[in-house]
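Presented below, as C-alpha cells, is a lone chain in the form predicted alone.
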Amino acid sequence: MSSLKIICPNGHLGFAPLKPGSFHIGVAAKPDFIAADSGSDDIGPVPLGSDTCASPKAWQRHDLREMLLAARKLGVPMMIGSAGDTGTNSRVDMYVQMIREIATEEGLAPFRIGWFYSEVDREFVRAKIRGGSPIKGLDARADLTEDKLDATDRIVAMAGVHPFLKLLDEGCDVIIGGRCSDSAIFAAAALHKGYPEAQSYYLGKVLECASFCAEPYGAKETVMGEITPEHVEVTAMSPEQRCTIASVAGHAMYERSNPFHEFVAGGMLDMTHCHYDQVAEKTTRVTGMDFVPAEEFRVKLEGSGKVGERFVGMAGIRDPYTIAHVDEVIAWARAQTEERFGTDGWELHYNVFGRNGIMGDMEPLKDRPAHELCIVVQGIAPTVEMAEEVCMTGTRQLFYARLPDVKGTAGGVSFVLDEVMHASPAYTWTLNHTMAVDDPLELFPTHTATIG
C-alpha cells in the first residue's frame, strides 16, 4: 500500500463558488478521489426547518459541474456530503437531479450514481423515547422530551462513514450524501481503500474545510490530502497558499470544545499526541493520531422547529445622548409593543451593532459603544400580519422614546427604510442530541442508478 490522494475544492460546496484555478491544479495532480462537504449548521435552523437552501442553486450547480467533469475525466469517484446545505431528502434529490442534468448537457458516458437519505421521522424518535432509549442532549441540553419533539418540524441524522462505504462497495462513481459528519466523507474514501481508522479520520478532519487549513487566509481554494498507513500530508493547491504547521494544527482544533477530540458516529478521533512537520514549502505532515471506538453506537440528531413569521426593521442612532441611553430606548419600544399586543404570543429581538450586536453579553467592550449605532429589529408572531405590526411597533417606537433631559421633538433615531422587511420565517434549534441505533445504516437508506 503506497498512498491515496484526495482533493477538496470547497469547505461548504455552493456557499460561495470554488476557485477554478487552484481546483484545476489539484485535478492535474491526478487525485484518487474528489470530495466536498456541502452543509453546515452554521447557517442556522431556518434552512433545515423550512427545507430550503441557504446557497444559490446556481453556485451549487457550478461546483457540482466542475467536480463532476473532473472526476469523470480522471475516472475517479466524486463524493458529496450534506447536500444542499442541510442534507434533507429534498436537497439530496435536488443534487441527484443536477448531476443527471449536467451529465446530459455534457454528453457524459454512463456512470453509476449512489445516494442516501438522512431525514428521521418524528414517530421513530418518539418510539425510542417511549421504549426507554433516551435521546441524550449535547452541549448541556437535557434529554429530549416529547413536548420538544412535537415542536420540531424536521429532523436529520448525521451519518458517519457507513453509507458512503456501502455505496463505494457497490461500485458508485458519484455519491450524493444526506446529512453527515464533515470528516466522514473523506475518511470513507480512505477506509474503503484499507487505510487505518486514525489516519483516515484525521485526513477527513484536515480536508473538511478545504483551504481553511492553509495560509494566508483565502476561502474556496483547493487543498490535497495524501494518506499512508503511517501519516497524513496536506498540501495547498493555490500558488498563493501554504499548508504550514500552524495552519494545519490550528484547523485541527477548529470548532470544538476540546481542541483534541473529534467525535463521529462510531468513535472519536484523538489528536492529543499529533506531531506536525513541515516537509515541503506548501506541505505539512501529521503523525500520532489515534482513533477510539465508541462503546455504544449513537448518531447525532439535528432538529428545527418553526417559531413564527418574521419581519425585520433597521434604525440608526447618531445622537450621543440617545446612544448613552439606548437600553432605555429599546425598553420603551418594547413596552409600547406590550401595550398593543400584551406580553405573550410574539417576540422582539434587538441587535445593537456598534455596541454588542455580534457577541451580545459576551462582548467585553459593550460599555464603550461607537459614535453611531445600527439597531436591527426582528419581530416574530404567528401570522404575517401580526409579525409585521409587531416589528413596525418595535422599530418605529424607538423614535418616540421618552428620555429624561430631552427637550426636542425630532427624536434621536433615524430609519434606513420607512417600512419593515418581510424575512424568512423564524425557526429555532430543537434537537442537538444523540440516539442509539443497532445498525449504523439504520437511519440512512441508500439508492443507486446508472446515469448517461
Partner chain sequence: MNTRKKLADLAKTIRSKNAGTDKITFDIIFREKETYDLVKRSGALTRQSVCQRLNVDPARLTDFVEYDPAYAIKFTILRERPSGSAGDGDIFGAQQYAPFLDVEVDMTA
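Numbering follows the first chain given and starts at 1. What you see is a predicted model, and the numbers here were worked out from it, not measured in a lab.
There is another form of the same protein, the form predicted in complex with the partner chain; it is not shown, and what comes next is about it.
Only one of 353-361, 71-79, 335-343, 320-328 places residue heavy atoms within 4.5 angstroms of the partner chain in the predicted bound form, namely 353-361. The partner is absent here, but in the predicted bound form a heavy atom of E215, alone among D173, E226, E197, E215, sits within 4.5 Å of the partner chain.
When you look in the predicted bound form, the only residue of P259, P134, P382, G288 with a non-hydrogen atom within 4.5 Å of the partner chain is P259. Using a 4.5 angstroms limit between non-hydrogen atoms, A252 touches the partner chain in the predicted bound form. Contact annotation for H162: none of its heavy atoms lies within 4.5 Å of the partner chain in the predicted bound form. The partner chain in the predicted bound form comes within 4.5 Å of no heavy atom belonging to P31. Using a 4.5 Å cutoff between non-hydrogen atoms, M268 does not count as a contact of the partner chain in the predicted bound form. Along 150-181, not one residue places a heavy atom within 4.5 Å of the partner chain in the predicted bound form.
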